[in-house]
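Below, in structure tokens: the form predicted on its own, a single chain.
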Amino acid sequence: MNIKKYTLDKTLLLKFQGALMGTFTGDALGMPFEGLSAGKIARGFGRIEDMVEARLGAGTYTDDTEMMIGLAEILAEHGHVQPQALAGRLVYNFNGDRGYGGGSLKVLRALKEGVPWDQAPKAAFAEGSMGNGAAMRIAPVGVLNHHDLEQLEKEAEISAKVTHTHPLGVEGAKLQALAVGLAAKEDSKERVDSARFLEELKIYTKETSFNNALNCADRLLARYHDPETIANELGNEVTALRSVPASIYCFLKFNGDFKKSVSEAVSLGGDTDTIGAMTGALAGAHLGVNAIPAEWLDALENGEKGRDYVMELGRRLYKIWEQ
């Protein structure tokens, strides 16, 4: 047996599971604070380090993780993004109690009524959505295609266009997927070189506005800034442009420490569940599932498509990659 190869492969399996479970964990940690400002979170709660009661109970997930699960299921079944199958799975998995936004509800309703997947996004916005809904679920695409960034971009774009067709919504999903893929390629025992990581992302980023945001993140990483400043500079909103770069910042600021990265993401306020989910995906892809605090993992819901199921989805995706 090649012991070195076995060890590397085992580490990569943990990264696959880490990206999915990181999404789940960040989503659940952030859900109770959604809509609060960074200042209000700081004054009322301090640093977010515990799973607290939410609308479906402590440790439960939102539409972010539910849609991520649907995408992971399709990848596990087909080996690639099959858009019609993904559209059907998003409709099939839909649980209205998970907190879907108005735009997503319109798109899913159109899909359920039989509107073709490449036309349904227009049901919400004529020019397509600029939101982060495609980015928040993209982690499975990032880890599965981490070895081939060109293929990763293509898969991310196809996945995004099932619900988001505006260039900024699509670019946000591609950027988040690329960041997950690059994080998965990093040595889990080493800190990531933030400047190098951001420069590599900018090579693949086509939209000037996202490149500008990554440049801003690079400047902010040079010294400590409180969450309120980061929220003002990079955003904490539902648009992809004002949330994906913020998530990348939170990952890089505390890379090497899953708990600190995700706590920072939630502390930005605003769209806390999604920024937490995207940051968790990045930290999980870099460090592996074992880096997620045990008390957070233990608190996650574990029903039909809960903690154990998502862990198994990570294993199934790894097996697809291995083949």
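In this text, residue numbers run from 1 along the sequence as written. None of the values given here were measured: they were computed from a predicted structure.
The form predicted in complex with a small molecule is left out here; the points below concern that form.
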Contact with the small molecule in the predicted complex, heavy atom within 4.5 Å, among M136, V141, A179, C250 goes to M136
- Close approach of T279 to the small molecule in the predicted complex, 4.5 Å, heavy atom: no
**Asked** Does any heavy atom of N145 come within 4.5 Å of a heavy atom of the small molecule in the predicted complex?
**Response** no
Would S129 sit within 4.5 Å of the small molecule in the predicted complex, counting heavy atoms only?
yes
*asked:* Is G103 part of the interface with the small molecule in the predicted complex - any heavy atom within 4.5 Å?
replied: yes
Of the candidate stretches 284 to 292, 257 to 265, 38 to 46, 270 to 278, the one with residues having heavy atoms within 4.5 Å of the small molecule in the predicted complex is 270 to 278
